[in-house]
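Below, in C-alpha cells: the form predicted alone, a single chain.
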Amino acid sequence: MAVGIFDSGLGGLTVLDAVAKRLPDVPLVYLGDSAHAPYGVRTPDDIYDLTTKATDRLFAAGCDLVILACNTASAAALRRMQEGWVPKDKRVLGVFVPMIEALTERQWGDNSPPREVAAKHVALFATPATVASRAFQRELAFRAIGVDVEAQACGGVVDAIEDGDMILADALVRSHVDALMRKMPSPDAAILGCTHYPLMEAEFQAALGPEVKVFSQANLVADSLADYLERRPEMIGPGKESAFLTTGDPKKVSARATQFLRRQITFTAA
C-alpha cells in the first residue's frame, strides 16, 4: 500500500505531512538525499543520476508510485526519467502539475488550447537549477497565454533551512523578494517553487505584501495525489510500513526533521 516521497533533503517533509493528513491510511516511505543536498546548484546530469538512484531505492521499498517532492528534481530529471527510465509498472510524478493546475484553474488532462487566466504577472521563487531549467514556464505556456513570469533564483535559502538557521533564511527571503520586485514591482501571484519554502510562507507573504496571492505546494500536491489514487488505485505499491530513510547521518537528520514537523521523526540509513 506504500507511496514513496523523495526530496534532496528535508523540504519534502512539508509534502509528506500534507499527504499524511489527506491520506492517513496510506503508508508513506520518505527518502531524503541529505548527503548530496542541496540539488539546486548541481548539473542536470548529476541531478538525474542522484534522483534515479533514490527513486530505485523507493521502488525496492515497495513503492510503485514515487512523488518527486523536489522541484529541482522535477525540473531537471522527471521528463527524462519518464521518457526512458521508469519501468512500465511504476509511476514517478512531480510537483509542478498541481501548482499549474491551481494557477490556471484547469485540470492537467484538459488539452484545450491555452487561454487567459486571472494572474497576469507571476513571481517564481525557486532554486538556481529550477530557474535555469525553465520547466515551470514551459509547462505553464501549454495552458495559459498572456502570463508574464519573472523567476528569482533563491540561493542560500535551502541551506539555511536545512541548517536550522531561520534568521538567515528570513533575511535571504526578504533579499530575494526585493531583487524580484525590482524587476516585477507588482506581481499578481507568487509561486513558492521549492518544497522547503512553505516553511517560510509567512515571510514570503510579508515581504510581498497582502495583495499578492502566494501559491505553496504541500496541500496542492496532497489533494492531487488523492485524486490520482482514486483514479489509479492499482498504483499503490505492496509496501505496508511507513519509513523515513536518509543518505545522511540518521541522528542528525532525525533531530532536524523533528524540528521541521514539531513531532518526533526517526530516520534510518537508506
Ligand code: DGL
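Note that the coordinates shown come from a computational prediction; the quantities given were computed from them, not determined experimentally. Residue indices: 1-based, along the sequence shown.
Just so it is clear, the following notes concern the form predicted together with this ligand, a form of the same protein that is not shown.
Undergrad: Can you tell me if residue 40 lies within 4.5 angstroms of this ligand in the predicted complex, counting non-hydrogen atoms only?
TA: Contact check for residue 40: yes, within 4.5 Å of this ligand in the predicted complex.
Undergrad: In the predicted complex, is there a heavy atom of this ligand that lies within 4.5 Å of any heavy atom of residue 173, even though the partner is absent here?
TA: Looking in the predicted complex, residue contacts with this ligand do not include residue 173, since no heavy atom lies within 4.5 Å.
Undergrad: Though only this chain appears here, would residue 194 touch this ligand in the predicted complex if you measure heavy atom gaps against 4.5 Å?
TA: It does: once this ligand is placed as it appears in the predicted complex, residue 194 has a heavy atom within 4.5 Å of it.
Undergrad: Hey, in the predicted complex, is residue 158 touching this ligand, heavy atoms inside 4.5 Å?
TA: Yes, residue 158 lies within 4.5 Å of this ligand in the predicted complex.
Undergrad: Which is the contacting stretch out of 99-107, 194-202, 82-90, 163-171, given heavy atoms within 4.5 Å of this ligand in the predicted complex?
TA: Looking at the other structure, the answer is 194-202.
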